[in-house]
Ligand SMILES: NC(=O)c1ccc[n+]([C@@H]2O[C@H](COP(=O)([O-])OP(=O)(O)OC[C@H]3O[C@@H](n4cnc5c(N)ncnc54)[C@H](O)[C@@H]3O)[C@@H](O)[C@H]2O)c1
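First, one chain by itself in structure tokens, the form predicted on its own.
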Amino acid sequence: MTGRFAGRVAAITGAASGLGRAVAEALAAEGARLLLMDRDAAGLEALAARCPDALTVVIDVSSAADMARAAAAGLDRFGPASLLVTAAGMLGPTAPAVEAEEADWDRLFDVNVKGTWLAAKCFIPQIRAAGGGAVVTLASAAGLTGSLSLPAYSASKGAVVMLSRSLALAHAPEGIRVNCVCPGSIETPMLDATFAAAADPAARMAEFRARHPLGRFGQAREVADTVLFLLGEGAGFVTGVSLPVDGGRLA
């Protein structure tokens, strides 16, 4: 490891598992000081053992009060964050969009879209105070194209893509870059849940794998490596990008 993020403070939502956990471990290995946020207290505790000097805060990302509390705790502990990764997300209903229940739809957008917006709202002022930095949001390849099996999820992630581009335009003059990573099918608990929700999990798995020209599912570390590139100096002239990490699915 190069220590390329030594001394930097990074805030990560959805840090307890999946892509958020992979990003947290990669940033910790590169010397970052971490504010780790998730609703899963046990998962955060396990992650903190692998991330020296991390601060964990249990939150619901859709709660403005929770997000503000976490941001204040991080500021008190480390000073202002200069990096933000919004990895918190959920699948939501798998029914056709017109058959989704209103409560399920609302909860999905509360977590995926409102949660991303609240994180930006609470942490971009810190990044500004730190003299600039970078934000990476996590959307999905399904946010760049329609989805027959996950229409509500696709809609929510499309909203994250557009929010990210708008934030990039708004904050570029302040030296704050905002980019969005759009993973394909990545081996995470969320992907496992996608298969488990299908009437025929094996058939759904084969269908999803066939969508990727590289012939396999991605690994969480491959997404984390992309996130770290976008956070780092090597991407210093990159902002407003929605980058697929999808094994060629959208090629």
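Sequential numbering from 1, following the sequence displayed. Keep in mind that what you see is a predicted model, and the values were worked out from it rather than measured.
Form predicted together with the named molecule: not shown, discussed below.
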For a quick test of understanding: in the predicted complex, does each of Phe123, Gly133 and Ser164 have a heavy atom within 4.5 Å of the named molecule?
no
Heavy atom within 4.5 Å of the named molecule in the predicted complex: which of Ala139, Val178, Ala71, Ile127?
Ala139
Looking at Ala26, Met205, Cys51, Leu191, which has any heavy atom no more than 4.5 Å from the named molecule in the predicted complex?
Leu191
Should Ile59 be classed as touching the named molecule in the predicted complex when contacts are defined as heavy atoms within 4.5 Å?
yes
Ala81 versus the named molecule, in the predicted complex: is there a non-hydrogen atom within 4.5 Å?
no
With a 4.5 Å heavy atom cut-off, would you call Arg107 a contact of the named molecule in the predicted complex?
yes
With the partner left out here, check for me: in the predicted complex, does some heavy atom of Ala16 sit within 4.5 Å of the named molecule?
yes
Which of 97-105, 73-81, 164-172, 151-159 lines the interface with the named molecule in the predicted complex (heavy atom within 4.5 Å):
151-159
Does anything in 21-60 come within 4.5 Å of the named molecule in the predicted complex by heavy atoms, and if so which residues, in order?
Asp38, Arg39, Asp40, Ile59, Asp60
